[in-house]
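This document starts with one chain, in the form predicted on its own, laid out as structure tokens.
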């Protein structure tokens, strides 16, 4: 049971990272209908930005979070304005375009920084563990869990309790009518895309003390994030949170009983069965209402 509790805690921290990544995906797809295959590269950019800020500016991971969010959000805003905005009525072209953007970003990092693994040290004030019996909880992982809950709450407030959220919901429900009332739908989409990219950058920053930073690090993470969005319900914030917790914990606990590969196969099989009987996910979209 000691192993189970510790593995469940590790799964909870990974689920928190997946939640932040998947929130960006859920917002972008749920509001704009864009399947962003470059989302994993936004995670990678956030990780490399954190490494650069620590290496050259001496900033810690937590201190760098606001700067990383702004930097990656700015990249997302530019990509949306220059490329994605022209493809909203062509979903297949959007998939190809974002896939190509992801490859370009990977190669740009390889050329600029190199393909070697980079490492970021965690905050000194979050070093150490909290022990409760046989359960050992890393202070940094506890911070990641708490921060992800804060991000979820802030995103919910942004979407439901602000003027921007009201405009966003209006554009989603009927873009033509909302523009008649003076809402600039293009600007709303741009900010939404930038916010989703910024969230991915934050996830990349948070994951750097836990894993090495390489140009392809976002590929596997974005696959898991897509699974979270699908299971939770496209565009559903609460569904995304529930699905991230479910997938993170099930994957972690399965790795105890069977190896990681078979565990992922079992999780994928379970997701396929879920989609068969609940094609809209666990919680159909709440962001449109």
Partner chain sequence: MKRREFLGHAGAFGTMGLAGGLSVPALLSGAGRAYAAGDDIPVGLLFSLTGAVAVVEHTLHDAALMAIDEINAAGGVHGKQLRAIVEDPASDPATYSDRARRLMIRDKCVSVFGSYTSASRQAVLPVTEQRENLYWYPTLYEGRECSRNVMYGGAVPNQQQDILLPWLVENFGKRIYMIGNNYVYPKEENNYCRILLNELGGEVLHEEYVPLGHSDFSSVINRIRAQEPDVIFSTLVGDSDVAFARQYRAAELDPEKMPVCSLTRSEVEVKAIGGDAAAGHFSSAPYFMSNDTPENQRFVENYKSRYGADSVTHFVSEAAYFQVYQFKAALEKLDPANLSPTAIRDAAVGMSMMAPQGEILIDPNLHTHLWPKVGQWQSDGQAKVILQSEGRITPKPYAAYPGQDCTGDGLVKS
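Residue numbers count along the first chain shown, from 1. Computed from a predicted model, the values in this text were never measured in an experiment.
Although not depicted, the form predicted in complex with the partner chain is the subject of the following passage.
Listed residues 214, 185, 145, 151 were compared with the partner chain in the model of the complex; 214 is the one with a heavy atom within 4.5 Å.
A heavy atom within 4.5 Å of the partner chain in the model of the complex is found for one listed residue only; from 157, 180, 166, 115, this is 115. Only one segment in the set 203-211, 157-165, 190-198, 67-75 has any non-hydrogen atom within 4.5 angstroms of the partner chain in the model of the complex, and it is 203-211. Residue contact with the partner chain in the model of the complex: residue 57 places no heavy atom within 4.5 Å of it. Residue 125 falls outside the set of residues with a heavy atom inside 4.5 Å of the partner chain in the model of the complex. Under a 4.5 angstroms non-hydrogen atom cutoff, the partner chain in the model of the complex has residue 261 among its neighbouring residues.
Using a 4.5 Å cutoff between non-hydrogen atoms, residue 14 counts as a contact of the partner chain in the model of the complex.
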